[in-house]
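Just so you know, structure 1 and structure 2 below are the same protein chain in two forms, each on its own as structure tokens.
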Structure 1
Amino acid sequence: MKFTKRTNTCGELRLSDTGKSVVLNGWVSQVRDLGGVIFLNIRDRFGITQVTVNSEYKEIYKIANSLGLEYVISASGKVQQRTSVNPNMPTGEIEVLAENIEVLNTSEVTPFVVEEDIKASEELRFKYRYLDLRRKKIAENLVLRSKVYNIVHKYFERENFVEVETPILMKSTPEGARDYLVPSRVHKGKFYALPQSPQTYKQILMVSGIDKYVQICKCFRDEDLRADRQPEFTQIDLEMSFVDERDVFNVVEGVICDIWKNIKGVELKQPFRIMSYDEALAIYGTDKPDLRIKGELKIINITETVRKSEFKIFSDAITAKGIVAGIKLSGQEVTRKIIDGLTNYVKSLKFGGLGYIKYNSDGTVSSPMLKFLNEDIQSGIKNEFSAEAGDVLFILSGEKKKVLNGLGNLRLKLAEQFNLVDETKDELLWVNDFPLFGYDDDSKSVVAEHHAFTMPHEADLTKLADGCKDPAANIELLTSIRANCYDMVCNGSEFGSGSIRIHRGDIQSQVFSVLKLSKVEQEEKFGFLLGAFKYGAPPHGGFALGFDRIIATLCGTKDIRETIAFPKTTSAVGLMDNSPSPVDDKQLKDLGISLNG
């Protein structure tokens, strides 16, 4: 089909183009019909240009009169200076005086108006994503994403990395997240899994001598979703041989700095701050602290100060080996209503209630728990927090990790409620020295915190050697082992994580015995990896960055759906294509699958 092709995009014509004959192709985004003259706004992903149709040109005027929003047109004419400039648009000084208009396609009335200040709900926008993507704001997110791909590829090319594609259809391993399964037709009753990450492959590539591997890859995890978690997501996955933690940090910092410099024009300060897991948990109540919060709102542990108190809630917690801790909020109007709201919040986190001490400006102190605390303890608490008039302390008690987590969440809640987050900057840091093992209450056993191939700290190797003989009897010893494992955190969100891997068989065996993986199970689950490791595995380590979260941060949002062309809902449904969907009985039969119910 012939049509008059564009000579320019809708975003590029300026005053200097005055007098030129041009052709624009695009979508009708607005029609203003003044009777004798019609103004059309025509849009493509580069911008919007005004096309003016005068009633003296009878034929074109008739066509212009019939146009609806989102019709695709080709408009030809001369660029002329506008009599009244629109300073709000880049092309606002000029217009195209139409000499011809072709309708390339019509459009039905759209389910919502395509406009920058979108009114439609996310649900509707996802169903008609192709309309949503016509908005500059979303399209620009995709363009930004594309630019970052390029920066990443160039960076790793310069750094001598090899980009290797790993399989999408792989072996299922019951460790970690739930797998998405793909049934095999040839081998009925058997399944592939979609990769939760290319973890095992990239380690094998190290054994292969690839030395520096990188891949921007899709990963899949069948777990419940959040604003920053999609069932399929993109990682910048990398692995290196003959490296320690610092080498990995340097490479990852390098790519992040490159991205920030090229996209935001910001020079991030290197090296990034490093904080241990223990410190992050003790001070910020989380392994991904947001360091942008004004006043910091650090957690202070007052267990010792209140140890002798007769306040039952505290003494019960302390008797049960728990802690009492709090955070101080300064210079904010904290009303009864706000405290009630915060109390409800901590109750939703399964706390009985929220303790508070409010130091009023008139010197009085409001707190329902003061009557249970003697003068010494009261002044002790005040000292611990350096509390002054106008301050409010929020206090939780109970099991240690729960209290710290609770206060960490409360910290974020307060920061949000009182607008304490400094949005003008990005705070990146490393959190390292994670525990190698955790204790799982459900299975009453020791489990890997990161994964089974994470190298323990050299200093803790004796603990592992001792503890692995009888894991059940050495839970405390084993969970105190630190791992050579690290996360990158930006603005309170986890950008990525990685570790130095175990390359020595003896250490690997010890870890497997702690995890109670028999030789048979090891062989079944990781036989191919362990097999490869028998033939000279170099010391190696790596990292994986959450690409979608990086893009979201660069776009100034927490919602990674805004950065993904075709995202899914929180129940993992694709509203546009209606996935997942039932399939034909024949397809199931081919796969040897029958459904019950």
Structure 2
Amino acid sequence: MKFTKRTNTCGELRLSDTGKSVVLNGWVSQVRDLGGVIFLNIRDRFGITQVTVNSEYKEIYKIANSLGLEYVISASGKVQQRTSVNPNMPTGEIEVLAENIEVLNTSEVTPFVVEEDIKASEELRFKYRYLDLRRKKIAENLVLRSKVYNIVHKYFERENFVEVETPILMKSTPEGARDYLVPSRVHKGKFYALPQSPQTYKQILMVSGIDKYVQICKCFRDEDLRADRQPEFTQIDLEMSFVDERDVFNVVEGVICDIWKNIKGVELKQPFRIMSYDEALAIYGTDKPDLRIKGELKIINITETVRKSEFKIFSDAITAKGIVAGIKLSGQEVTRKIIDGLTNYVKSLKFGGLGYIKYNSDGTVSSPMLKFLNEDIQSGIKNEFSAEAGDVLFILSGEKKKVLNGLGNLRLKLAEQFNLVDETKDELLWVNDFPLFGYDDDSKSVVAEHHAFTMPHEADLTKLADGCKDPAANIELLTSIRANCYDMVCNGSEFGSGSIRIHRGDIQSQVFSVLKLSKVEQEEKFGFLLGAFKYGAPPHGGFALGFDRIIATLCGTKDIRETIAFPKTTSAVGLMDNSPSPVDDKQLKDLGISLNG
């Protein structure tokens, strides 16, 4: 089919182009017939331009009068200044006076109007994603994503990294999240797995001598989803030999700074702040603290201050080796209704209630707890929080981890309710020294917090050697071991995670002993990696940045699906292509698979 090709996009014409003959190709986004004059808005991914059709051009006017929304057209004409400027459009000072219009394709009535202030439900948008992608906001998100791809590739090329594609079909090693399994037709009864991470492959690349590996790769996890999770996601995956934690930090900070400078025009300050896991939990109640909150709302542990209190709720918590801690909110009007709402919120977190002390502007103090606290304890609490008139303290008590987590959530709730988050800046930091092991209540056993190949702190190697002899009897000792593991956090979201890996066989053997992996299991699951380690594994470490989360942050959204061309729903369904879908019996028979139920 022959048609007149565009000379310009629908977003680039300005007053300086007045008098120029142009051709625009795009979709009709609006038709206004004012009787004798028809105004068309024509759209492509670059923007929208108004095309004016006068009735004196009878044939063109007739064509324009037949156009519907989302028709694909080619419009030719001259650029002229508009009599009524539209300040909301970059092209709002000009219009194209039509001299010819070609209809390249028609469109049925769309299930929703393609507009920025869209009225359609998420389900409808995802089902007709190709229409949703015509919206400027979504299209710009994808363009930004493309720009970040290029920045990342150029950065790692400058840093002398080698881009290596690792397999999509790999061996299943069911650790952590569930694998997506792919049955083999040739080897009936056997399965590949889609990678949750290229972890084992990139470590083998370090053994091979490819000392700087990077890849922007797809990963897959068959797990329950949230707005910031997808069954398939993209990460910037890297690994380096002969490095320590700081070396990894420098490289990852460098690519983040490059992205922020090129996309946002912002120079991030290096090095990023470093905070230990224990410090993050103690001060912010989370290992993903949002440092943009005005006043910070730090957690203050007042256990020792109230230890001799006769307040039963406090004394019961302390007797059970728990803690009493709280947060100070300053400069806000806190009504009884607000306190009741916050109380109901902490009850949803499985707390019996929320203690509070309100220091009124008239110098009085309000709190139902005061009658249980003597003057010395009241004074001690005030000093611990550096409380002044206008401040309100919110206090929880109970098991340590539960209290810290509860206050961490309350901190975010207060920040949201009182608009305390500074949206004008991004706060990035490293959280390191995570526990090497955790305790799983369901299996009643010690488990790896990150993965089985994370190097313990050198100072804690003695603990590992002692604890691995009888893991069941040394749970407290083993869960106190720190790992050379680290996360990057931005605005309260985890941007990525990594670690220095185990490269010594004796340490790896001790970790496997703690995890109760038999020699047979070790060989079945990780034999190919352990085999490679026998031939000279260098010290190495790496990191994986969540590409989708980075793009979402740059686009100013918390929902990564707004930055992905064809996302799944929170139930892992592709509404546009109706995936996952059944397959016919012949396909199953070829694979040697029968379905139950």
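As the structure is a computational prediction, the values presented were derived from the model and not from experiment. Take the two forms, find the largest set of C-alpha atoms that superpose within 1.5 Å, and that set is the rigid core. When a residue number appears, read it as a position in the sequence of structure 1, where counting begins at 1.
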| item | value |
| --- | --- |
| Structure number, where the criterion is the form predicted together with the RNA | 1 |
| Core-aligned C-alpha movement of N86 between structure 1 and structure 2 reaching 2 Å | yes |
